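Structure 1 and structure 2, given next as structure tokens, are two forms of the same protein chain, each shown alone.
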Structure 1
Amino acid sequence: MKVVVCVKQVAQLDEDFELRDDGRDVDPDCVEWDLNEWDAFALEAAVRLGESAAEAEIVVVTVGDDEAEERLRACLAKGADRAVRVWDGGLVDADVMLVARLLAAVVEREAPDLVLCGVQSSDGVSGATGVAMAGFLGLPRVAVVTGIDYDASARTATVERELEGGLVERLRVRTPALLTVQTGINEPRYASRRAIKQAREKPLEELTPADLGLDAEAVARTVASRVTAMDHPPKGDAAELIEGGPDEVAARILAIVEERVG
């Protein structure tokens, strides 16, 4: 079996940060980078599926600049067999739809049995990448997956997915299919020092959109949105600590409501 895991490098903001000169993003000198939490669970799910199979290959894919290579190497150290990074200078402001299209192009080339993504990213929090990928690829999709059992002989996956109200839905999906994985599905492993060293020898392929058959015009057509400006949220009034007995507190709350609502 072959599993493609789509991962993302996410920004962890410092307490004090500055915006870029163009005002459209955070200054990269003010952030630290890490692997998206949801993607770590998706990777662990893929590695466990590979360990239970007679023969398997786990491929991690990302859209990101040179900084993202360190995150891919970390995925290789945790059990992935090889990695693919897609980038060129024109992707600096790539939106969700373009990232999904680029990832889908890699998936088309790899032709895996399963595609795993995190449910969402901790920075964008849109939850749209996996949905858009499934649309581009024409694959069946199951979201918020909390359990996966793959049957290679039947080419099906039996999955559990989280529903509102604490309900769990269990269903079987024909593969190839795309699953977006929820946190808590497993416990992601730590890489040993030996595995980290071995990861440096595993293949990491670097591609451009052109390598995937997407020219500048095709890339431009895929973009659905652009950030025009980013700013700090306006500061409101300071919080008020209400002290006193129950009657005094209730009276003050009533007064605040009347002041604000009328």
Structure 2
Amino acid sequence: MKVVVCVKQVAQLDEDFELRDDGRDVDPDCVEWDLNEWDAFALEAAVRLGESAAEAEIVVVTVGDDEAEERLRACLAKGADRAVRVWDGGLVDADVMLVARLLAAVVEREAPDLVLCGVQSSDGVSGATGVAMAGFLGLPRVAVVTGIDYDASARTATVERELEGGLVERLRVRTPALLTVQTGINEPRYASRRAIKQAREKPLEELTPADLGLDAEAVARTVASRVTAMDHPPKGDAAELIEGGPDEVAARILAIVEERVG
């Protein structure tokens, strides 16, 4: 079987981050990059599917700049066979739809049995890239999956979908299909030193949108939103700060406990 896993490098803001000069995003010098937490679970799910299949290829794909290569190498060390990175300078402000369109173009080329994505990214929190891809591709899809049982001979997957309030739906989906994977579905592995070393030798392909048949005009046409400004959120009724050392904080907390539930 073949599984494509779509991953994203996410930004964690430094404590004293600053905005870019145009005010539309954070200064990239003020962030640390990491692999999106949800995608780590999606990758692990793919690697496990591969391990239980007679023959399998796991391809990890991202839209991201040079920095993202390190994240792809980490995925290769954790069991992916091959990586694809899509980038050019025109993608700095790419929105959900453009990223989904680019990933869809790679999936189209790879023609996998399953596409796995994380439910959402910790920095963008759109929760939409995977399902938008499925829209571009006309693929069956299930969002927010917490269990996957793939049946290669029947070309179906029986999955669990997590709903609000502790409710779970079981359903069967025809494959090829796209699933967005929720955290907690498995326990992502750590890469061994040996695997990290071997990952350096695994193929990592770099593509531009043009390589995927998307010229500048097609890229511009796909963008469905534009952030025009970023700002600090209004502090609503901000919390009353409890000042002082641990002992003073504890005393105040106990006084509130006494007053409210004593």
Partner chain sequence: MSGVLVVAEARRGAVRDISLELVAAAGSLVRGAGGPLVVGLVGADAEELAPRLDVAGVDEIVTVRSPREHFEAHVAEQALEALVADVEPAVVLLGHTIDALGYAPALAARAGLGFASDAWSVQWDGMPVVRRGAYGDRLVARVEFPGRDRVLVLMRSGAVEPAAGAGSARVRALDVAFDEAAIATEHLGYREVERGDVDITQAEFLLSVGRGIGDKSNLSQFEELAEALGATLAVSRPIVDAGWMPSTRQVGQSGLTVKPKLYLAFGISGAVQHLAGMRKAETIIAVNSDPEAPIFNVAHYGAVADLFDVAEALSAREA
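By rigid core we mean the largest C-alpha set that fits within 1.5 Å across both forms. Throughout, residue numbering runs from 1 along the sequence of structure 1. Everything quoted here is computed from the prediction, not taken from an experiment.
Pick out the form predicted in complex with the partner chain: structure 1 or structure 2. That would be structure 2.
Kindly check if the Cα atom of residue 247 is displaced 2 angstroms or more between structures 1 and 2 relative to the superposed rigid core. True for residue 247: a C-alpha shift of 2 Å or more.
Core-fitted comparison between structures 1 and 2 - CA shift at residue 256, Å: So the C-alpha of this residue moves 16.8 Å.
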